[in-house]
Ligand SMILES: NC(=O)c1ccc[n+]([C@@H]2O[C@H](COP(=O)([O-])OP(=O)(O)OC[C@H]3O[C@@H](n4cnc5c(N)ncnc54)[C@H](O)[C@@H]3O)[C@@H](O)[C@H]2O)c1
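Just the one chain here, the form predicted on its own, laid out as structure tokens.
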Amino acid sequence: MQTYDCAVLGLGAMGRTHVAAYRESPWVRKIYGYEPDPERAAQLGRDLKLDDTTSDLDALLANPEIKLISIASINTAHAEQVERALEAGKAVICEKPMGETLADARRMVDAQERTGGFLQIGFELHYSELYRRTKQWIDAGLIGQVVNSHCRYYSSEFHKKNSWRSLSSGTLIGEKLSHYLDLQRWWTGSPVTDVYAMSAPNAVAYFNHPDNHQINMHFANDAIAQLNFVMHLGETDIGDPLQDYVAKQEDDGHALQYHIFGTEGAIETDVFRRRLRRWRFSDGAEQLVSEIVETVTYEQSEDAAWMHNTHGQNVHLAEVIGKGLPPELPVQDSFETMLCGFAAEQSGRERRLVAIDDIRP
């Protein structure tokens, strides 16, 4: 086993998740941290007990022992940091979105293609058991061809006033909803051709972008998908550590649920009920017969692995990198998801259908 050092760029909440994953990996020797502000870098380095922290990105990129650069910085920094890390010969894992503009996203793809380096975008739902199991059922042909999928996502406002997320010029489509558009692409297995999106007036007045979206996608195989998102309905979380917060939010306005309809059955994923279900369709004497044939549940202790497995993704990818294997999710595929997001933003602004090929650079 050839172990190596890694560096985490951005030591906020997501950066801490990255650090915890690499601390668990037997492939990683030392963990370095980066923050552009020297005082913040030093303080967070002490808090996280890192091997070293710095505000000098050039020094990190020049360190030959550092093989992996893991990017959890603010969205506007992603494209430049990815490009510089790839040009320095590092393997790169980068949180989504791929920047706040289509030019940023294309810059990242171009850098990977130019250098031939390892770059994987953090669409960790591909590693979350709730959605992996769904994909396995679809690939096994248990619901026939996917023809329609609906995502219903209602949350509370948890970005807070004057945060970089609430003030961002980018919308929640890239920052948050790209995960859920990506799943619909993954499950349907056909290129998206057209996107139509709408947003109603905000309830969250201090957001610098819409707090609600309805996004419709049309696929080359004539399947369709719809995502309905609102970020203010769920009851505000008071952060009681003694409560099972998912169970508490199950009926307070929160929802994160998919219904995936196929020609021979259907699948439901439900985060707040901790449940995965499958229907089978059959031809009865008088009508189509639908029956629930499989139900899977999981426990609170399994939430991270089933719902949002960033930790497991990064532990696994540290091994993939250590073994010299290619990315499991090519950046070109992640770029297709980002294209859908940018098309949705343009559609919402211009109030019209946007063809993916019309915006493809």
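Don't overthink the numbering: it's just position in the shown sequence, from 1. As the structure is a computational prediction, the values presented were derived from the model and not from experiment.
Beyond what is shown, the protein has a form predicted together with the named molecule; the following relates to that form.
Engineer: Looking in the model of the complex, any heavy atom of R165 within 4.5 Å of the named molecule?
Structural biologist: Yes, R165 lies within 4.5 Å of the named molecule in the model of the complex.
Engineer: Applying a 4.5 Å heavy atom distance criterion, does K30 contact the named molecule in the model of the complex?
Structural biologist: Outside the cut-off, so no.
Engineer: Is there any non-hydrogen atom of K96 lying within 4.5 Å of the named molecule in the model of the complex?
Structural biologist: Yes - in the model of the complex, heavy atoms of K96 and the named molecule come within 4.5 Å of each other.
Engineer: Is there a non-hydrogen atom of P36 within 4.5 angstroms of a non-hydrogen atom of the named molecule in the model of the complex?
Structural biologist: Taking the distances in the model of the complex, the answer for P36 is yes, it comes within 4.5 Å of the named molecule.
Engineer: Any chance all of R40, H78 and H179 sit within 4.5 Å of the named molecule in the model of the complex, going by non-hydrogen atoms?
Structural biologist: Contact check passed for all of R40, H78 and H179.
Engineer: The named molecule isn't shown here, but in the model of the complex which of L227, I173, A105, A72 has a heavy atom within 4.5 Å of it?
Structural biologist: By the 4.5 Å heavy-atom cutoff, the listed residue in contact is A72.
Engineer: Out of 78-86, 191-199, 249-257, 270-278, where are the residues with a heavy atom within 4.5 Å of the named molecule in the model of the complex?
Structural biologist: Selected range: 78-86.
Engineer: Which residues in 1-30 have a heavy atom within 4.5 Å of the named molecule in the model of the complex?
Structural biologist: L9, G10, L11, G12, A13, M14, G15 sit within 4.5 Å of the partner.
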